[in-house]
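Before any questions on binding or motion, here is one chain by itself as structure tokens, the form predicted alone.
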């Protein structure tokens, strides 16, 4: 951190119709919001200076997020509550910041620190039986690996490594709900809908709509314990 700069961490949500924004579109929307909020943001040095921002792991298009994060560097100190109120007034409702606080420069970057993603998936299919689906999902997990083809490339995921704990299947008034904890890293991470899709395929139930929400991103330490940012 340069002298006189302050690293502010903001937690925000990406919900509703804005879940369909790409990561780059989210970055541009937050940059515009910071300018409208009249925050004293720092800029990078070099031939192409831009707002000094850093983001956590990108959300896929159409995946909602309830606890997403970005860091913004300010050139002067402002109370965190004031920055939050300014940003809230300058951001669209479906991309609203919910908390903020200053962090030290000794902390790793968001992309490096966040290595567990918690997901909730709702399967929109009225005739789907929870028990049958749970058995199919368990069979996929017990198989030990999942082969995924995307954009012409094939990747094999070691499910014991990719999943930090057993998936949980439940039912509420909207239908079947799946909770997953997926590890993230430089080698890539398993898309949760791929795992659920494999279970549905075992049941000959392809085509069911799956609404995916990333509930939170966590830090897993060397002992395998996960904690919030």
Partner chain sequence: MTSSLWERIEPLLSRVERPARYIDSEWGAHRDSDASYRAALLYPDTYEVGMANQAIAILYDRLNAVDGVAAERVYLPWVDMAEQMRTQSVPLFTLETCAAVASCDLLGITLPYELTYSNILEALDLAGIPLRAADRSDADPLVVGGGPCAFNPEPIAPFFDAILVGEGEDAALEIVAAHRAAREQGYSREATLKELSRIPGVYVPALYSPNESGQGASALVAQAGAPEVVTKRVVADLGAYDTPTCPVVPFMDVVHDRVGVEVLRGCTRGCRFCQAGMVYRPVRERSADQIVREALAGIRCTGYDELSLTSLSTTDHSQLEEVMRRLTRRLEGTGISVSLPSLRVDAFSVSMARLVGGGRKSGLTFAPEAGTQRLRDVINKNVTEQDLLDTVSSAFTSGWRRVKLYFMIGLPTETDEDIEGIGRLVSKVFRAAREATPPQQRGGIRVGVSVSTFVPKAHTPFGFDGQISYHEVLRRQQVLRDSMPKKGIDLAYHDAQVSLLEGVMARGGRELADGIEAAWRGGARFDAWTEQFDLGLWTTALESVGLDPHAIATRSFDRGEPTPWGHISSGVGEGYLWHERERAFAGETTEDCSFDDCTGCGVCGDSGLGVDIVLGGERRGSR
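Numbering follows the first chain given and starts at 1. Since we're looking at a predicted model, the values are computed, not measured.
The same protein also has a form predicted in complex with the partner chain, omitted here; what follows describes it.
- The shortest heavy atom separation between residue 48 and the partner chain in the model of the complex is within 4.5 Å.
- The closest non-hydrogen atom of residue 144 lies beyond 4.5 Å of the partner chain in the model of the complex.
- Proximity of residue 220 to the partner chain in the model of the complex falls outside the 4.5 Å heavy atom cutoff.
- Residue contact with the partner chain in the model of the complex: residue 69 places no heavy atom within 4.5 Å of it.
- Among 32, 165, 183, 202, the residue placing a heavy atom within 4.5 Å of the partner chain in the model of the complex is 32.
- Among 79, 108, 131, 89, the residue placing a heavy atom within 4.5 Å of the partner chain in the model of the complex is 89.
- Stretch 39-47 is the answer when you ask which of 193-201, 52-60, 169-177, 39-47 has residues with heavy atoms within 4.5 Å of the partner chain in the model of the complex.
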